[in-house]
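A single chain, nothing else alongside it, follows as structure tokens in the form predicted alone.
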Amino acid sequence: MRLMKTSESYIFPYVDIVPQLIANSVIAGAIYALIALGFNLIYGTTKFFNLAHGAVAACGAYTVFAILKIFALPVNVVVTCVIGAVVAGSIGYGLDKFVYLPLRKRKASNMVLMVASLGAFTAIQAVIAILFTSQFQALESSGGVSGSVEVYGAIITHTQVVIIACGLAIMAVLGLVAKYTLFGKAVSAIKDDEEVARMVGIDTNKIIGRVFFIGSAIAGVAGILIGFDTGIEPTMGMNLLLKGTIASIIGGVGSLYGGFLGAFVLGFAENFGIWKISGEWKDAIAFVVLIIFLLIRPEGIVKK
């Protein structure tokens, strides 16, 4: 009887934390989705795992850091973020133009391309560490998004609201582009069969270059938003790459919708998985989910 006379929290001790867990899961899912979307877009047209994708995301974040902190240029934060995304996209395009394209012309295997991308990842990460040191840095701006809101008992910062909005918006734009534009149809043709696409007059190398720019720019957006949310460091690309890759495999490698869905599945699995245990187990939970999907449904949630 004593329990009934006290607060409802004694009867339902975990009710208050559930909204925050859901919010954290959605935020994590949106971050993973931004990485997975770019990763799957590139994989769908090239059929190899671009391991440099995470380092390219870090490049976007450090570009914004350089503009706002090191050079302290009087540039609007939104414009700065656009510049960071363009720089990340340009680096991805450059990797394709000067590394992957010559290898493809020499009929290099996907394994060779993946090893080359690993080398690019290592080199980019080392350059970032040399230029900006290996220390953790806060990515902030007086013109940035600050403050928080409460949604059904969950506290969400304005930056996190932007992360969720960007994830949904980019997914919607990519879906529309894929369905209604000639570029999207050309990408779909290359996904189905690059040789046939080339035979019908599609400049596959040009399309793939554009795909690298777009996918890398999306990764840059992810890196920038994470920087404003939690900060940046040169090694941040590895964690982004792992989570984005796992989300892509869970959802279906090469599928935009699959990668988007897999990202949120991973986000919810991680955050609810650490409900009763230490947050240090989050990465282990991600790999357990990956192994389960590889054993039970290796093609992912959405088949290509």
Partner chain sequence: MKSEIRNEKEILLKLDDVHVHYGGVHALDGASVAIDEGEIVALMGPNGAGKSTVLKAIFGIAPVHSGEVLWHEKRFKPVPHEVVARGIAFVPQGRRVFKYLTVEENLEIGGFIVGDKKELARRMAEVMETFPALKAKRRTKSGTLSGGQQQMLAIARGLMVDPKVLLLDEPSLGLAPKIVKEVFENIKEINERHGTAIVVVEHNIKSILGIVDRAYVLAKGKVAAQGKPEELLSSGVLEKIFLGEK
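Residue numbers count along the first chain shown, from 1. Please read all numbers here as calculations on a predicted model, not as lab measurements.
The next section is about a form of this same protein that is not shown, the form predicted together with the partner chain.
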**Study point:** Partner contact for S188 in the predicted complex: the partner chain, 4.5 angstroms, heavy atom
**Key:** yes
- Task: Answer yes if any heavy atom of P74 is within 4.5 Å of a heavy atom of the partner chain in the predicted complex; otherwise answer no.
- Result: no
Close approach of E150 to the partner chain in the predicted complex, 4.5 Å, heavy atom: no
Should V196 be classed as touching the partner chain in the predicted complex when contacts are defined as heavy atoms within 4.5 Å? yes
Only one of 203-211, 92-100, 78-86, 220-228 sits within 4.5 Å of the partner chain in the predicted complex by heavy atom distance, namely 203-211
Applying a 4.5 angstroms cut-off on non-hydrogen atoms, the residues of 167-183 near the partner chain in the predicted complex are K179, L182
